[in-house]
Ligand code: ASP
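First, one chain by itself: the form predicted on its own, in structure tokens.
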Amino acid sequence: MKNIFRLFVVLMLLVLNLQLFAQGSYALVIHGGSGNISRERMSPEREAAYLAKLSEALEAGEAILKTGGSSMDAVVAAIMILEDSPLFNAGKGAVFNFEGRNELDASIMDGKTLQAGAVAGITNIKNPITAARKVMENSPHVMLTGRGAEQFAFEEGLEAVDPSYFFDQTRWDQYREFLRGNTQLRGITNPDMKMGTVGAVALDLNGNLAAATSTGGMTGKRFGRIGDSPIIGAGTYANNEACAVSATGHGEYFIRNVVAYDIAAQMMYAGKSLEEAANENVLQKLKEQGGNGGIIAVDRHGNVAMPFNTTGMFRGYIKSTGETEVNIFE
């Protein structure tokens, strides 16, 4: 009887694996921000720390995808790892605004339903990406900001923290350095200081795409500034007919060019490949306008694109084929 039971278990596992295989393939792509990152100024230890955390985020997302989980769950799992790390400008590692406070933005989009959710200017929700998802799933709205977003998150039972949770000494030192060198009274900051926004895009075994982005914004930002990260179509977009995109960089340029949506639109309406559409936006349009940054994207066939026009972008991907990469500079 024991042998029969074991054989039954093996057969059931085989059937499950065959079902998953028949459904398709999966892919997960993440980024930890882009900027004019100097290899010379980054120690081997710090580079190793960045690569290790990116790998951890990929592993968290892949653990969901490879067992048949949804792309939505995968991108949230990956981003929460990065939000909880002080290495990146999101969640725990968020930069300080002009007043010395942390204001957090996040967004998420489901490529199957085209439903989306976003939060902006929140100060006390531990993982902003979870708040964005709650807005999408449990409210009639797409974006909530400030106190309204925080109140909604509390009512949804999300983990709240004292704003001091987001304090990081390295970010504080960057903020103080910014203040000492700031001569721009309108609060327009150096775009090179915008580093660390995190994002994830995924294709699951059922062929569904999802995209998500989370950020602390720009060091020294003023007047309630909101960048591209929480804006659907600018910093985040997903559509099963084309691709899923998450952006990082000088947000004002991504907003003006509606970059995330434009990549998908070029694929759907002009018949361009993911690589062609992504490169045209990042390496041509944005570069010609002086817009620094990059994007990560995956299409419905599992093709991956990660172009950037800065000296580096924290990024990585993993596929069901076993193909994987984690990189910063090359």
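None of the values given here were measured: they were computed from a predicted structure. Residue numbers run from 1 along the displayed sequence.
Although not depicted, the form predicted together with ligand ASP is the subject of the following passage.
J.: To test your reading of this chain, name the stretch in 79-87, 223-231, 151-159, 117-125 whose heavy atoms come within 4.5 Å of ligand ASP in the predicted bound form.
T.: In short, 223-231.
J.: Within 4.5 Å of ligand ASP in the predicted bound form, heavy atoms considered, which of 72, 94, 218, 144?
T.: After the contact test, the surviving option is 218.
J.: So, residue 250 and ligand ASP: in the predicted bound form, are they within 4.5 Å at any heavy atom pair?
T.: Within the cut-off, so yes.
J.: Mark residue 197 yes when one of its heavy atoms lies within 4.5 Å of a heavy atom of ligand ASP in the predicted bound form, and no otherwise.
T.: Yes, contact at 4.5 Å.
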